[in-house]
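Shown below, as structure tokens, is a lone chain in the form predicted alone; questions about how it binds or moves come after it.
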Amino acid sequence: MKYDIIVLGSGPGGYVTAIRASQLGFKTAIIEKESLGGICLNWGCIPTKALLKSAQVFDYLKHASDYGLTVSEFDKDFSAVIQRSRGVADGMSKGIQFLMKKNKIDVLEGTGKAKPGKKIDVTDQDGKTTEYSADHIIIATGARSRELPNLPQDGKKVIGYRQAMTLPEQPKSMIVVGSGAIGVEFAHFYNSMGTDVTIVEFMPNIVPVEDEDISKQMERSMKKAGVKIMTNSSVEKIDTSGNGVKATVKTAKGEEILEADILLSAVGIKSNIENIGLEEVGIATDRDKILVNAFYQTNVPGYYAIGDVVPGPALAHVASAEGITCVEKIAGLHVDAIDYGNIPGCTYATPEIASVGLTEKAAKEKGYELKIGKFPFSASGKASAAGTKDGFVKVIFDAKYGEWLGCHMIGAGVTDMIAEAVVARKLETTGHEIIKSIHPHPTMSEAIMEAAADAYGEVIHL
């Protein structure tokens, strides 16, 4: 079988790439060994947000009296919460099946392995191998939970994010190792459900990639919610011989033993680059990533790679953008390389975190003279009415030219607000233009305008 383009992997990088390729007139096939939609739709972005929504509703019930409401009896059904999450994921995966049919994309079920000569083998569940060829082969095999040597995952007591979404029963206690987006989101979910949660973070701050002000606010909010947090700490060894897990944690004050039912390892991800034919084809890799140029071509003509297997932020929306850029370049369209300095990052705990651009520390290290503005949601009419006053918006501008260097938000719904800053930065919008752009009242988004006004000494509501 001969195609114009074959995509290996059907996550948000792969399936989006295949659809755009088909739109551009390419005869396209996609290879998937498990479920269409990959990790994001089936075991990542989507089902975790379903879990977090259940946690939010449960939190609302617990605080109904804050809204003048009386709810006399309520409880959670943990298995039903998990089941709802799986149902949402299954529905999304069926949606991808529809999109494949709509766009006339052939779905090749099985495990793919690239071969020299622009060929790829697909081995199905019965062990039958079929060879396909294409003018262009795009690798989009994604990533999985990274295992540390001292934290081997057994899938029962020491788990990764995948098992954390389908535990048969709610643990009474949990240790979460790592406080990036995955660790913080699961810590919030299980804490909201009533599990006793402790976060262990190696760095001085939780969510360490974020602006320091954001990290500190997140730590305050999570501690207020009952999550125990240990920073500047590392799990040195674990003992799973008993009923639960005993973790030896090295802290600034010495070693401490933590005990819990479950330990969730959320220490990052590992690219899926093994056993997909890279060595046979001669595709260059470095430090667990496939090396590509600005338009995702590898060192071997006809082979490309996008998403979590290439250097850059391991985010679903980045993988999708890379795939579109890749196939549009193949089609001969005029395409600009992606600006990796303008990629939004989001964490969907409570409160949410959203950010784009430089942190204050990074901006200072680059030598910028800064104008910084902050607007707390405690001064927002919409936030007060909604009962979501935790958090703030922080904006960073270059004092010399007014360039919007960074935007950092923590609060309710900020993941839906960050796109304003992304588009504004793309259009090279200045702080004054944000101040003079009328924002609707009352909304959470007013805080962006107010923060910009604060940077220039013009804030009204502070």
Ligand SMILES: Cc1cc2nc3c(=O)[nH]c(=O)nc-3n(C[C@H](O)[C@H](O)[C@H](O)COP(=O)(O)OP(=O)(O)OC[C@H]3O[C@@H](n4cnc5c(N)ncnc54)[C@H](O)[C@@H]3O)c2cc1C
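If you're wondering where the values come from, they're calculated on a predicted model, not measured in any experiment. Note that residue numbering begins at 1 and tracks the sequence as displayed.
One more form of this protein should be noted, the form predicted in complex with this ligand, which is absent from this view; the next part is about it.
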(message) To verify the annotation, which of these, Gly244, Pro376, Gly302, Gly110, has a non-hydrogen atom within 4.5 Å of this ligand in the predicted bound form?
(response) Gly110
(message) Counting any non-hydrogen atom inside 4.5 Å, which residue from Ile182, Ile137, Ile353, Ile206 sits next to this ligand in the predicted bound form?
(response) Ile182
(message) For the interface check, one of 426-434, 46-54, 406-414, 390-398 should have non-hydrogen atoms within 4.5 Å of this ligand in the predicted bound form; which one?
(response) 46-54
(message) Just checking whether Ile6 would be counted as a contact of this ligand in the predicted bound form - the rule being heavy atoms within 4.5 angstroms.
(response) no
(request) Although this ligand is absent from this view, report whether Gly178 comes within 4.5 Å of it in the predicted bound form, heavy atoms only. (result) no
(message) Since only the chain is shown here, I'm wondering whether Ala319 would be in contact with this ligand in the predicted bound form (any heavy atom pair within 4.5 Å).
(response) yes
(request) Check whether Met165 has any heavy atom within 4.5 Å of a heavy atom of this ligand in the predicted bound form, and answer yes or no. (result) yes
(message) Going through 1-30, which residues have a heavy atom within 4.5 Å of this ligand in the predicted bound form? Please give them in sequence order.
(response) Leu8, Gly9, Ser10, Gly11, Pro12, Gly13, Gly14
